[in-house]
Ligand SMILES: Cc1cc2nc3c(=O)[nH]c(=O)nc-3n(C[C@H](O)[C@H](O)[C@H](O)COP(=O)(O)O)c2cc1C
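Quick heads-up: it's one chain on its own, the form predicted on its own, in structure tokens.
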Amino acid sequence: MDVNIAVVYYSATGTIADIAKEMAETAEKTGAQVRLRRVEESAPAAAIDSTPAWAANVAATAGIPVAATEDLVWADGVLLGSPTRFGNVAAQLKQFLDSLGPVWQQGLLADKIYSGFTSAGTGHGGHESTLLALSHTFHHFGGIIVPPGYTDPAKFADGNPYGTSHFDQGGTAPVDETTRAAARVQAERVVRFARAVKAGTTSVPM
């Protein structure tokens, strides 16, 4: 069964963007229809320009469409990514989530598969708390939360059952194969459950 998967993310210096692309490519290989979307940058230009990696990522991802409400309404499964900010979701992604009130009130975000991914500059910098913070929003949507868990050997290497996360060592460690393998496991799992839910929904008499 064809399913629609939205990979929506915010990335400052490119780590989350790399993970998002890995997930989008994996979902496409399973036959899913995929929309890769970045949320709009809201930081002032002076802040962006003060960090070369930040400015470089803004330029490198300029061709990726900006996320819109319709992307989540369209999707059967949603993968949301954010760097951790003081153990929480980045303001840019949170602003996008906060704009979804009208479609949430219509019930258009319910009964979809949701899963999250993140990165942090330190090994214990809020990886898990950021993913759990994302899940609070999924609960309010009435979504079906599908974590990767320890369902694949790659997840024992990655070590995070809540979602894919990457320790970028303050921006000096690019996304490695351990993180990419975890991202692939998570994307495949989201597609699989999205197909199962969609098949079950369409088979139930209305």
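Here the structure is a predicted model, which is why all the values come from computation and not from measurement. So that there is no doubt, residue numbering starts at 1 and follows the sequence shown.
What comes next is about the form predicted together with the ligand, which is not displayed.
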| property | result |
| --- | --- |
| In the predicted complex, Arg85 touching the ligand (heavy atom, 4.5 Å) | yes |
| 4.5 Å heavy atom contact, Ser115 to the ligand in the predicted complex | no |
| 4.5 Å heavy atom contact, Asp168 to the ligand in the predicted complex | yes |
| Partner contact for Gln186 in the predicted complex: the ligand, 4.5 angstroms, heavy atom | no |
| Region of this chain that lies against the ligand in the predicted complex, out of 94-102, 107-115, 72-80, 122-130 [heavy atom, 4.5 Å] | 122-130 |
| In the predicted complex, the one of Ala182, Ala12, Ala194, Ala20 near the ligand [non-hydrogen atom within 4.5 angstroms] | Ala12 |
